[in-house]
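Heads up, the chain below is alone and in the form predicted alone; it's given as structure tokens.
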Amino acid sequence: MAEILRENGVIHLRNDAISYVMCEMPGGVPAHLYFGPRLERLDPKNLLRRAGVAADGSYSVQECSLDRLPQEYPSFGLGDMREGALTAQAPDGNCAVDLRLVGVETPGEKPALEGLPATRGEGCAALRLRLRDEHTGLEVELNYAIYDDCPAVARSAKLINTGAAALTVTRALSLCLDLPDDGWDLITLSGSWARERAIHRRPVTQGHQGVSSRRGASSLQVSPFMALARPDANEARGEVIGAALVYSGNFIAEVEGTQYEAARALLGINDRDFAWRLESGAAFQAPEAVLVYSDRGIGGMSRGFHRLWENHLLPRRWVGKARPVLLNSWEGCYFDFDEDKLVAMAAAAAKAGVELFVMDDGWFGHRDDDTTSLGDWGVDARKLPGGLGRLGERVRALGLQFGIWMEPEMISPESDLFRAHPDWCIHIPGRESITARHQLTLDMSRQDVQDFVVEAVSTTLKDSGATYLKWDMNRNFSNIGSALLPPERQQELPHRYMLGLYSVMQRLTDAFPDVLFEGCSSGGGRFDAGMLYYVPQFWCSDDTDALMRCRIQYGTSLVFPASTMGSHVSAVPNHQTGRVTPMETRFAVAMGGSFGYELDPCKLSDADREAMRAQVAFAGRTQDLRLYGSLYRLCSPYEGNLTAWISVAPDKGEAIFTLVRAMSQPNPVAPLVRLDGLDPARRYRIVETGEVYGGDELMRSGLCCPLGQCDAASVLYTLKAVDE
């Protein structure tokens, strides 16, 4: 169970797995002491001595000892020369902030964050530190939570201006973690469209390393996550600390290696082009950051994140619940369809056992391509003369649920909405607007725009009877300006946009609790913990090629569980890579997430239609295990020709093992893969072959997997424990 201990100025958060320890220094600066495996107690003297503080805990601000002191929420300008977590400019132009501890509280429950997503407060112990800068009257509330069931600590910062004059906040990060040494590797997830969340690992060195986004979204290019791993840490062994931001906008994730061979990790809203005017009496809430500790390698960190998101973040309605097997129309027909063509696709899908048919882009306005009509959410009667209602009825008559695609945050310059409200888009007056994908971004900081989006989505869901909505977002910010914000608040727009989007998502998910919302942003461009507070799954990538998806899903799984990853079987040649891969391999890879199809089933061969029926049946039988089992990554596509993973039931009585080999070679040797997560004392039958092996044998010797001689070969095995 999680608990908070206080003794002689030491504050100790701990559960059965981890401890997080800090202390109050003379003068009131809160120092960070420890984050790692559970401790019974910790004497600050050793760690403070390492930071150059005398054994009695004394230090002098005037002697700049703050430049070595590990701190909980440091600021720049009064002795600490490292990057700080907070900067606020006073009316005299000075940006120095001197925060001293004025209160320690243990509230009865973890508070919700106003206007922002955050982990929920059940099953945790909460702590609040109150800090104050007497010169300006700026107060900071640092809120912490440690969970009973996860090796995780959540923390956030709330700024309150109790002074008489307005302040301008130019940096308000969510996390600072000072570590006593710099013997770590930094792991981040970076990429691009169709190549999201590739794993990058490099040593921490003196200076600054990290990733950031200024695109108005967490982005395709980088993910609001970083991990610090010991150089010898791998999937199964070693010490790893993961940090993720529960936020979907501009962010920075950075590590500073210091001159004293220590490291400082920082995570929060990107302070480039950010400023927030904090009036007297006003407050600013920074997003939540989450720390996960593992002494069982990168895989242990991942399972800690997975458990935290599933138990404490994802929408309650969908936690542990079945997800319908779906067919999405996009790669099957793109914009070229009418009602009868869609119904024919749905009918073929229904014969295969598919449960949900989703109509993608092209159903509204005059949307024959991507140059027009975003914002005009009335149905295109040329394609759907009976409207959304009749199409929905025809799909449901086939025994299917009906779903629909929208891109509610966007507006086409060629649209009735833009002609009526040109000021509704993000733009800089007097400058030519820059379009991307022939579209602009609606200004979600505006209440009138938020109300329009809620009404448009609500009407579409009601008219269609849809039980699924794919919420897309296909461009980032440019010409960043709002027609309503005054000049001194223009740099608040990116964060105000996120607050507006979160408000809209909350209103819609409250109004339609039984609708399955799936996020999308040119694929995985906003796949983050902030969005997953509202939507239980996200389209992992527009790249549906099976071999590319091995890399994308492998990287995504470092932070997010299989249940959150939308993953589909698509047609071949693949539309993004041109690659031809076997149907069974496309299926095996898509089984690694929330499963569906991205093709026209009317164009499949008889053999592929029969395979599709078997696949849908298998997906239904194994859904709980695939989506909610404990995930162990076994072979990395970043390190060789093989990708392998296994999902194990909580009681270790069942597992699903997947292996994919990218390239064939002459005179092949069958891979021998060591499994993980099984019970070494039990025996397991491979359902597909009938062979029985000991759990210890499978994990320590390995499973031999003949793959034949073809590229993109795979095996998908179901293991069941047997009593003998």
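Just count from 1 along the sequence shown to find any residue number. Remember, it's a predicted structure, so these values are computed and weren't measured experimentally.
Another form exists, predicted in complex with a small molecule; not displayed. Remarks below refer to it.
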Would W330 count as a contact of the small molecule in the model of the complex, using a 4.5 angstroms cut-off between non-hydrogen atoms? yes
Non-hydrogen atom contact G216 with the small molecule in the model of the complex at 4.5 angstroms: no
Just to confirm, S522 within 4.5 Å of the small molecule in the model of the complex by heavy atoms? yes
Partner proximity in the model of the complex: R264 to the small molecule, non-hydrogen atom cutoff 4.5 Å: no
If the cut-off is 4.5 angstroms on heavy atoms, which of these, D178, D361, E654, D98, is the one near the small molecule in the model of the complex? D361
Interface residue in the model of the complex among S415, T136, N474, N574, criterion: non-hydrogen atom within 4.5 angstroms of the small molecule: N474
Note: the small molecule not shown here; in the model of the complex, the stretch from 77-85, 500-508, 539-547, 244-252 having heavy atoms within 4.5 Å of it is 539-547
